[in-house]
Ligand code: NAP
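Form predicted on its own, single chain, as structure tokens, below.
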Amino acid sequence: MSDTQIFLITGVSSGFGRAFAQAALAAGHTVVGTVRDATARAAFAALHPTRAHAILLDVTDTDAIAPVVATVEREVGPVAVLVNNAGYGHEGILEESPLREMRRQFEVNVFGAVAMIQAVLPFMRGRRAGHIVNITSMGGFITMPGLAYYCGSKFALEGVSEVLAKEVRDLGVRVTAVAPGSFRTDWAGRSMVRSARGIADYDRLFDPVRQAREEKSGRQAGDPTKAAQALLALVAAEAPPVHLLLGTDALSLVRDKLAALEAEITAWEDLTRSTDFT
């Protein structure tokens, strides 16, 4: 990557998005950040007089995305790095959570990200250059009670990222799914949508999980500022990975998951093999 580039980052009002944008600006890059309202637009534009560009965009308004990206390319310049960061967490027992909440979760976390990719990719492909970074989660590898919709959306985005990386690897475009662990953002606070509880059978399992998550909010081990520096290192790498975990907890939990999966596959290997024609 050259010394200065144009980053397009979704969801820059707070959390990872704001940290990513501030780090990129501090490194001399130009950042186009998407926000949801005029107040956030003014706050973001104030970060730098010439290199911070805020645009109003709801990533669920997929019809609006391609025209916005075309305007960025025309008026700001070629987007070198797309960071699909916009997203939120849904918490709720699956049986208790309405399907409309799952649809909304996927509209933001998956369909919005894919629409951004589809809008940016023709420009990157034409230049044979670019890096698409999809912010997923360790919840795209591991699961826990009460996060079925969220983990489902992040598993989906991990899979989309892996396929896309194979499709564009000979076209000069790189793709990385970045999976953070627990970081001190407002993901588990005001940004989380919680379905109402009502079925007592789940209380014993889920109530301690919800309580622990609420108590941990704001005291997580992960530092968003260091995550932002990791992002800069990632996009500067000559051979970036397709999957990148961030945080010691993500590393430990995902390794445990992979070991358990390998053990389960081995335990059921005979039955697995029994289904072939003989």
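Numbers follow the displayed sequence, beginning with 1. As the structure is a prediction and not an experimental result, all values here were calculated from the model.
Omitted here: the form predicted in complex with this ligand. The next part is about that form.
Exercise for the section: Mind telling me which stretch in 236-244, 55-63, 205-213, 25-33 gets its heavy atoms within 4.5 Å of this ligand in the predicted bound form? Expected result: Careful reading of the contacts points to 55-63.
Practice task
Could you tell me if all three of Ala86, Arg104 and Thr136 have a heavy atom no more than 4.5 Å from this ligand in the predicted bound form?
Solution key: Yes, each of Ala86, Arg104 and Thr136 comes within 4.5 Å of this ligand in the predicted bound form.
Practice task
Identify which of Glu162, Asp186, Asp201, Glu75 has a heavy atom within 4.5 Å of this ligand in the predicted bound form; exactly one of them does.
Solution key: Residue within 4.5 Å of the partner: Asp186.
Exercise for the section: Examine Tyr149 and determine whether its closest non-hydrogen atom to this ligand in the predicted bound form is within 4.5 angstroms. Expected result: No, no contact at 4.5 Å.
Exercise for the section: Indicate whether this ligand has at least one heavy atom within 4.5 Å of a heavy atom of Val12 in the predicted bound form. Expected result: Val12 belongs to the contact set for this ligand.
Exercise for the section: May I ask you to check whether Gly130 falls inside a 4.5 Å heavy atom distance of this ligand in the predicted bound form? Expected result: No, Gly130 stays farther than 4.5 Å from this ligand in the predicted bound form.
Exercise for the section: Using the partner position in the predicted bound form, report whether Gln118 sits within 4.5 Å of this ligand, counting heavy atoms only. Expected result: No, Gln118 sits far enough from this ligand in the predicted bound form that none of its heavy atoms falls within 4.5 Å.
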